[in-house]
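Just one chain follows, in the form predicted on its own, and it is written as structure tokens.
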């Protein structure tokens, strides 16, 4: 949990506005969902490791705790750990009043009981767009295109869109010799490859048995093959349309010739959430130790939230990591005015003239004169003011002059 100073808030608002403007331009409509969700929904088994990081909320009707044997009975709500699970509940509840397909934009805080470190916080902002009701690969292409444009609008460049498919991973696990009932456990371990390396993955797969399967899995991944080559090495375990779909997604994004954007297939990309059913993707940048955006297709999740079985796909930008990557935005010079006035002055005329300045696009702040301009003026300049109006009641018309640290 963090506090943000005024300059940091200005920077975050600037980044947020840039993202939101692009996403609105693609037709995504802002929605809001509650911070709290029913625990049963948050712990459905689809959230991967995040389900172990939920902040749980005590029930309101607790009276006598002495006979409670199961601590889980003390809680019935939890703070949301992402925006996708709440969205599927929202859609299942409100689909009759929503367009088809539905383009959703959510920007809001989520909570995870992380061990805090740079880029990983217990409360952080996510920026999500989701497209519900379109089964074609046009959804994936649109989401990735919009996200690339949004990131570029913030000033970010030199990032890579990594693409894979959960069906590729399932075929990879099966083709390596693991039984089907171990697929999810194998993928949980494989998702740690970038953190623990091949040797660490092999060690963590060892308790599952099947050492030959583990060796073959790592051998296939070490080849860093393209989609077609990987499909061939799996001996028909991967459907041709899956490989063709990935190629089509990558080609459509690449063909837009987005400057500063690379697109690549990555067979090691897993995504930790268990709800993905098709293409998955992440955006990485050399300046960040983790991904700055990620998402994929989750066709069955809305039905699990009690709604119709509709196709769904989404992408989430890690707002905190993005802000850490971008240099703080600087307000254009010559627009921040400080009005210096005596303590007993009549404020009506001053505020009236200040309102006119604001209407012309200036930021105007009052400051009571201390009688020590040699100290007060440099301090005001250090706070970001670059114009001074030394107020004189006899001359209510603003007379602005530059304010510098040397004043």
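Take the two forms, find the largest set of C-alpha atoms that superpose within 1.5 Å, and that set is the rigid core. Positions refer to the first chain, counted from 1. These numbers come from a predicted model, not from an experiment.
From this point on, the text means the form predicted in complex with another copy of the chain, which you will not see here.
Student: Check residue 311 for me: does it contact another copy of the chain in the predicted complex (non-hydrogen atoms, 4.5 angstroms)?
Tutor: No - in the predicted complex, heavy atoms of residue 311 and another copy of the chain never come within 4.5 Å of each other.
Student: Give a yes or no for residue 355: in the predicted complex, does one of its heavy atoms lie within 4.5 Å of a heavy atom belonging to another copy of the chain?
Tutor: Yes.
Student: Taking another copy of the chain as it sits in the predicted complex, is residue 111 near enough to touch it, meaning that at least one heavy atom pair lies within 4.5 angstroms?
Tutor: Output for residue 111 is yes: heavy atoms within 4.5 Å of another copy of the chain.
Student: Can you work out whether residue 149 and another copy of the chain are in contact in the predicted complex, taking contact to mean some heavy atom pair no more than 4.5 Å apart?
Tutor: Although another copy of the chain is absent here, residue 149 would touch it in the predicted complex, with heavy atoms inside 4.5 Å.
Student: Which of 324, 241, 100, 219 has a heavy atom within 4.5 Å of another copy of the chain in the predicted complex?
Tutor: Spelling it out, the residue with a heavy atom inside the cut-off is 100.
Student: Heavy atom within 4.5 Å of another copy of the chain in the predicted complex: which of 192, 285, 122, 304 fits that? Just give me the one.
Tutor: Only one listed residue qualifies here, and that residue is 122.
Student: If contact means any heavy atom within 4.5 Å, which of 211 to 219, 181 to 189, 198 to 206, 83 to 91 contacts another copy of the chain in the predicted complex?
Tutor: Comparing against another copy of the chain in the predicted complex, the contact stretch is 83 to 91.
Student: Does any residue in 74 to 91 get within 4.5 Å of another copy of the chain in the predicted complex, counting heavy atoms only, and if so which ones?
Tutor: In sequence order, 74, 75, 77, 79, 89, 90 come within 4.5 Å of the partner.
Student: With both forms fitted on the core, check whether the Cα of residue 29 differs by 2 Å or more between this form and the one not shown.
Tutor: After core superposition, the displacement of the residue 29 C-alpha between this form and the one not shown stays below 2 Å, so no.
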